[in-house]
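First, one chain by itself: the form predicted alone, in structure tokens.
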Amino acid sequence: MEAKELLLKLAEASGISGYEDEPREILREELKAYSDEILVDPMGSLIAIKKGNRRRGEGREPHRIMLAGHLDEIGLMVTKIEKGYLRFAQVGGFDLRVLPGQEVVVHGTMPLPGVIGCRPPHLLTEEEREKVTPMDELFIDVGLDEKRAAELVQVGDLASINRQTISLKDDIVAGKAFDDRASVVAIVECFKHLATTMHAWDVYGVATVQEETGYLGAITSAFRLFPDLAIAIDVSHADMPGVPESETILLGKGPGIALGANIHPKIHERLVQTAKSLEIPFQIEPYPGSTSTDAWAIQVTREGIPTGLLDIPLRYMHTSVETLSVADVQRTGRLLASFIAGLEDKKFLEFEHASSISF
């Protein structure tokens, strides 16, 4: 499946944090052709394994690299049934300004189409019209009376945004859940390249779960695999009106290569060198502290894992019209594959004057 087709298919699937079954099955089918083994860990993260195919010497175990992109999306959960209307809370964090008027699917005993409603502006005070409608004044209308709604929906049921992706000009696409299924597609693109490339390291492509609710899939899968090196792939704010250039990267100009406290400096340098050698466009993205990505959790797993981060530029994050360039996704996959193909030993990760410590 081509990158764009897979991206649209994954994005339109429902996979709210903790309930990632549908996109996971789509991904599993896609990765079969490019993986030596696929497994699902107890948390629900999908792990695709591509064994190194370049000999490293007799009796030497291959090093391991973990690629992590999260599979989950933000969503809603029913908290109360009120005269047939459904009150709800967020799973993850939506931009409240864009929720009124959204189409949803309520995952009750059967899928129920619904809309998010609120009082119209005609019935608001002048002061209320100047403010964002708070969560407790929003509701989902599924068109049912109180009795029937109670039969088909219960507190704790999920609701996902119902949005078809659309293609804009110049291979730009818009839709929901590109955060972070675009990165999952980048991992698939990497595996496609590796299928025709010699590489010494074993590669573990992980579609992590529950990132939006606390990096839980990254924590557990990194602990299980304990790789020699890891690279998280996520999205970052792309250029748009009203946002300072210092807080964004450019859409269509290649992935951001992160630099900062969450990032191993040698991995950053190696990614930059690789991108330059292949003339892949890229952007430097500084993070003084937390990157708010799976990289933040992976870096401090066990005694620490050298970790890097690639960012795919994305406009309108945490809305139903997240917008990106398919070319940026493909470039990210190619950069990952070339980085991996160039790995031999892991001496380049060592800090100066580092020494082994035995406990």
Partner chain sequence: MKELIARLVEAYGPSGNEEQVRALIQDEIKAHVDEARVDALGNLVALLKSDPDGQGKPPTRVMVAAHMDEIGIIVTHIDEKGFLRFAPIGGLTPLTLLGNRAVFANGVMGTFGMEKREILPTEKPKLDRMFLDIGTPDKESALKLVSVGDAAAFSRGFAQAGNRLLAKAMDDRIGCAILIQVVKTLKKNPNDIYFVFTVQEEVGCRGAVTSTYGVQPDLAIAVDATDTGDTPESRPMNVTLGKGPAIKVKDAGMLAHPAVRRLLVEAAKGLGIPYQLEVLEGGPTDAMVMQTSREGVPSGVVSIPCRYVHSPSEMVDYDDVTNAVKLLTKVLEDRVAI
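What you are looking at is a predicted structure, and each value in this text was computed from that prediction instead of being measured. Residue numbers count along the first chain shown, from 1.
In what follows, reference is made to the form predicted in complex with its partner chain, a form of this protein that is not presented.
Contact annotation for residue 149: none of its heavy atoms lies within 4.5 Å of its partner chain in the predicted complex. The shortest heavy atom separation between residue 213 and its partner chain in the predicted complex is within 4.5 Å.
Its partner chain is not shown here, but in the predicted complex it comes within 4.5 Å of a heavy atom of residue 80. Contact annotation: residue 156 falls within 4.5 Å of its partner chain in the predicted complex, judged by heavy atom distances.
Exactly one of the stretches 35 to 43, 22 to 30, 313 to 321, 328 to 336 approaches its partner chain in the predicted complex with heavy atoms within 4.5 Å, and it is 35 to 43. The single contact residue among 220, 133, 274, 102, judged by any heavy atom lying within 4.5 Å of its partner chain in the predicted complex, is 220. Shown without its partner, this chain lists 89, 195, 278, 115 as candidates; in the predicted complex, only 89 has a non-hydrogen atom within 4.5 angstroms of its partner chain. Residues are counted as partner-facing when one of their heavy atoms sits within 4.5 Å of its partner chain in the predicted complex; in 1 to 25 these are 17, 18, 19, in sequence order.
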